[in-house]
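This document opens with one chain alone, in structure tokens, the form predicted on its own.
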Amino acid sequence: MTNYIATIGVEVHVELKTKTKIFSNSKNGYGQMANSLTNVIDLGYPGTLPTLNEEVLNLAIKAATVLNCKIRKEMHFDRKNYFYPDNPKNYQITQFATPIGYDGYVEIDVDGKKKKIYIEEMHIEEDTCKSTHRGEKTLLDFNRAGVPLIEIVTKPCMSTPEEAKKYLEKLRELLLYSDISDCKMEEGSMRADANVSIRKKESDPFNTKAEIKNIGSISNVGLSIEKEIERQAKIYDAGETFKPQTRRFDDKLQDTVLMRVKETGNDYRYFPEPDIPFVIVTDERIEKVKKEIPMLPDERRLKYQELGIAEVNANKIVLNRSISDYLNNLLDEKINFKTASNLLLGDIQAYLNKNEKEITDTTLTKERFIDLVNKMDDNTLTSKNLKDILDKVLESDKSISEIMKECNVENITDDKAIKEVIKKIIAENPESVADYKAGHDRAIKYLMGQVMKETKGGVNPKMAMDILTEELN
């Protein structure tokens, strides 16, 4: 197969986290009984008038800010006219001529290199109702009709499936941390379309584009682009061409499938929405919204690493918003953040996963966690001890010291006492000592095991290993 250069652009629809819909006071919710979150505006009754939800405007400004977009100060909504069952008004209210955000970018990291993915525009629009096809019948659920969306459109500046995946991961992370959307692709609150074309050289003109619609996961975005590049390459290698078309990703086939061929361009007859006044975005509003943006992921990673947390752990913490927020409450404290991160990502994370809880669902207050970190740091508690008392630490209101006393957890932190135990173990195991001196690594592990057994795990392993090595040498 000939090598081709791919040109990829991505369009993402993101549902906004508002209490009510964009143009009506119906609740913005998911998973409710069909058609239970609707009113006459959502259903497109004649004579009904839309009223813009102010919170939608604020969240769109916030999104434009975190995506490094310029913000349009004067804008209007447009009618996008088309006839389809999911659209009872026969038009969708969107922004065509004056998108709220434009000329932005998101920076990604691919194979250790930074790359900016440029955003052409970001506009506000209403969602359509949900269509479910049953045989020859189509069922319509208007709970989704009028849910506020932002559509984020990149320039055709990506060249690999990996770049598209990294962009979506970064976009999702930014929108989650800004409290703009929950970005749950499995629930449809973040939906991605990919536009793909290929050519032999960068100096060649762009070839025919295929659009892949409503891809349900970030990994499938990568896979669908990969498959589409392969499909187009086979067509061009055979000396053939294809018409512009819309495809979808089929989970069962793990491939793209033709939906329709675009014989002509879409004519949506856009014109300004007459029922909604022009919107003026003031500098005061923009500044107020900017102040509400919490610490973003990249800033958190940098801060954690400055405090001594390893890069790999900093990235893991950022992947878990509740853990990251919990740690952020401790940033001004004088504790060992390396120990704190190991606790949060180790035994505490294991407990939370097992019990399907968030850290905020536990009794681990800021003060008790600081005490826990300090006790681990000064060897009052060992990792083995912690495993024995962890449930009580996370479920009880008692102090760490009280729990340790109740559970008879008392550790040997005195160097002399540890040295006495180690001398006893060395005296009782001359063969293992001889093996160690002969260069057998397993011997020291055995001796260390005997030390832990003798102390019933009540000694800091690193401290014991250092003293054992010293005594053996």
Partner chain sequence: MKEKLSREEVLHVAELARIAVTEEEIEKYQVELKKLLNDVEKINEVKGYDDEILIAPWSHNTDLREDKEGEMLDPKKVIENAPRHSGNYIQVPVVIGESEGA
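Residue numbers count along the first chain shown, from 1. Fair warning: this is a prediction, and the values are worked out from it, not measured in the lab.
Below, we turn to the form predicted together with the partner chain, even though it does not appear here.
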> Contact between P156 and the partner chain in the model of the complex at 4.5 Å, heavy atoms?
Replying inline: no
> Does any heavy atom of K80 come within 4.5 Å of a heavy atom of the partner chain in the model of the complex?
Replying inline: yes
> Is G239 close to the partner chain in the model of the complex, meaning a heavy atom pair under 4.5 Å apart or at it?
Replying inline: no
> Given that the partner is absent here, does K113 sit within 4.5 Å of the partner chain in the model of the complex, heavy atoms only?
Replying inline: no
> Of these, 431-439, 63-71, 401-409, 44-52, which stretch puts a heavy atom within 4.5 angstroms of the partner chain in the model of the complex?
Replying inline: 44-52
> T20, N35 and P85: each with a heavy atom within 4.5 Å of the partner chain in the model of the complex?
Replying inline: yes
>> Just to be sure I understand the contacts: of K291, K252, K201, K137, which is the one whose heavy atoms reach within 4.5 angstroms of the partner chain in the model of the complex?
In response: K137
> Of K334, K243, K354, R260, which one comes within 4.5 Å of the partner chain in the model of the complex, counting heavy atoms only?
Replying inline: R260
> Considering only 268-286, what residues come within 4.5 Å of the partner chain in the model of the complex, judged by heavy atoms?
Replying inline: Y268, R269, P272, E273, P274, I276, P277, F278, V279, I280, R285
